[in-house]
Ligand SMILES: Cc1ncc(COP(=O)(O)O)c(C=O)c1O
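Below, in structure tokens: the form predicted alone, a single chain.
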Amino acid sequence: MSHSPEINEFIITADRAVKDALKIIDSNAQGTCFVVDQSGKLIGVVTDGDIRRALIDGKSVESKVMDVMQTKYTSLPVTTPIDQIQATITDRIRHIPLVDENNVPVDYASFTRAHRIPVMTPLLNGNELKYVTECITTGWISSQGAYVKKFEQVFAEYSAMQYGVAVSNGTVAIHLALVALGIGEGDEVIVPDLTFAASINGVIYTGATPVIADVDAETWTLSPEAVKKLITPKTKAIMPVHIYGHPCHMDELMAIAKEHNLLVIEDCAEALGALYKGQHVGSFGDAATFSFFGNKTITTGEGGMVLFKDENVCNKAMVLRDHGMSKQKRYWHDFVGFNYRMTNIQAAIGVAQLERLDEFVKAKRNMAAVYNAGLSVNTHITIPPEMEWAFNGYWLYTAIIDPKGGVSRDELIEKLMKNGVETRPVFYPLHAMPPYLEYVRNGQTFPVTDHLSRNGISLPSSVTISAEEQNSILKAVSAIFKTRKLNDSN
């Protein structure tokens, strides 16, 4: 019978030293390895906990694995039906060697192999199907339909802004907002270095010049001090990005904008439901943009929204959204516009999602509280910020890993994946990527963004994540650090 390649990451012979078992456990990041005799037959298991207890009892890392292993363990024939294998996995029995007819390990089963925890999944069990079915049965499936207008209205009301324009995605929302506000060639727009590329791309689409600024070390958002140093006579606007759910320093940024007569376009793609001093993000600037991609707090699959304070600007955006076609004279085009329309089906999903937004934000904050409690005991992990004036929406739970703890961010990503936990790194700095090198001014440095980007990791953050899943993630993180520390100290 052929062996699963993964089983080789777990096998150690009984005559090897404990220090060798530690290396295997550190490498496979599973907290255990399977002990075989010289003929390859399974005779025991040894875990990181077994080794720690043995060292306390006077054994050394030079001791033989056979002296510290467990001889009472659970194994199953590799031919065991999958449902029986899964039923055998418990919180205590997390790894089960699967053996052939000669008791040779050829594969293994674990909770993490049977169940992967994704970074983000949407929750669509409200009125989504009901509203979409209505669109289909009435035939209103494209951009004409009652749900588009309803979504714009209820979304603007929720965010405490006057006018809403629904669009096809969050990237075009940024572009449309900028164009409607008159930003174009010859203008400069200040954007944070730590953000998704859509923020800067929207500026480039208009013909304007993006100016990249470092972020604040405490909030990870656009630094007001950095902004002040970058303003020139060409500066037309500032784009605060409320990153990972945490609001920007809006009082300071709005004061700068007022002093220099600048427009403010808030990028709220990751912060729906977040508050700055009790006020919704997106309600401060001249315009605000949102994304409803599948991983956002609410989703329409793809989709976005632009909020405006000025009715005339909003009307211009609506015309531009629909090919620049006049509202009074059909098929008469006043501008070169775009096809940025949202479909009625997307809007129907959005209305249903918005009905549960407060529930989703509460779930996100509960998720963050569990992670905070579990990770804050590790002095080499910095939990995400929430300033006293902020209400973090925790779109993605993002922490910073201090490599001095012995485990780098990239190692943690790799080892968590071996435990069935999907993660993602923090965004690369804009200033480091080829399309944006020309927008870095001479002598500029970005130490805060560089640090956050190099060491930041986002953990699974779905509103559907269970307590069991979070507990499994926290146990895996703890075990990875403990095993590395034990391995390095011996």
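Quantities reported herein were computed from a predicted structural model and do not represent experimental measurements. In this text, residue numbers run from 1 along the sequence as written.
What comes next is about the form predicted together with the named molecule, which does not appear here.
Site annotation in the model of the complex: the residue of 378, 219, 169, 206 reaching within 4.5 Å of the named molecule with a heavy atom is 169. Of the candidates 165, 174, 248, 287, 174 is the one whose heavy atoms come within 4.5 Å of the named molecule in the model of the complex; the others do not. The partner is not drawn, yet in the model of the complex one stretch among 353-361, 102-110, 81-89, 196-204 has residues with heavy atoms inside 4.5 Å of the named molecule: 196-204. Proximity of residue 140 to the named molecule in the model of the complex falls outside the 4.5 Å heavy atom cutoff. Contact annotation for residue 303: at least one heavy atom lies within 4.5 Å of the named molecule in the model of the complex.
Although the partner is absent from this view, residue 419 stays clear of the named molecule in the model of the complex, with no non-hydrogen atom inside 4.5 angstroms. The named molecule is not drawn, but in the model of the complex it has no heavy atom within 4.5 Å of residue 214. Contact annotation for 260-275: residues with any non-hydrogen atom within 4.5 angstroms of the named molecule in the model of the complex are 267, 269, 270, listed in sequence order.
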